[in-house]
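For reference, the chain that follows is the form predicted alone, supplied as structure tokens.
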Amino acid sequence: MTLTFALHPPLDLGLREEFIRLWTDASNAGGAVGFVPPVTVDQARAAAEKHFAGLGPGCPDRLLIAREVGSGRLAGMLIFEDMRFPLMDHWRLLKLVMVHPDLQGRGYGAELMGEAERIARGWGLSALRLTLRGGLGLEKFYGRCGYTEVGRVPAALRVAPGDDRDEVTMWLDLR
């Protein structure tokens, strides 16, 4: 294994800054994680604060981080989002799934997704869900991780004038 994982680590100032920097770098490299480049650190910080509010003590969401063995560098992350609705308590939504662009192509994304699946199974969840921006081939990556496309909203995401993308919903059945 080339990564070490931490689930729900203390969200201290250092980790917050690493989170924001990773999100900024991934976005500016063309990653489909909620922004369209160029993205500033301040823009990522403002958006991250909303996620941090759901990750604090007593909150239902959980952050999973991946660090590179040896360097300790933050290599990737994702958030398990609780839907906060009793009829959906048997699954979680994965948000902000990303690996640092400098570390792409090393299998870290697959490792991160595998760890998320192991954790979800350990919690006794029935499924994991995620949404992605169409037009980038991400369906293939998540398909290799075991996810199935279960829905598509045509042109739901406007990344630029005249450039609308589908929002695709992927589902991993854990039963």
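Don't overthink the numbering: it's just position in the shown sequence, from 1. Remember, predicted model here, so these are calculated numbers, not experimental data.
If you look for the form predicted in complex with a small molecule, you will not find it shown, but the lines that follow are about it.
- This chain is displayed without the small molecule, yet in the model of the complex the stretch 26-34 from 60-68, 42-50, 26-34, 146-154 comes within 4.5 Å of it by heavy atoms.
- With the partner omitted here, the residue from L138, A127, L55, I119 that has a non-hydrogen atom within 4.5 angstroms of the small molecule in the model of the complex is L138.
- In the model of the complex, V97 approaches the small molecule with a heavy atom inside 4.5 Å.
- When contacts are judged by a 4.5 Å heavy atom cut-off, G72 does not count as touching the small molecule in the model of the complex.
- Not displayed here, the small molecule is kept clear of G134 by more than 4.5 Å at the level of heavy atoms in the model of the complex.
- Residue contact check for G105: one or more of its heavy atoms lie within 4.5 Å of the small molecule in the model of the complex.
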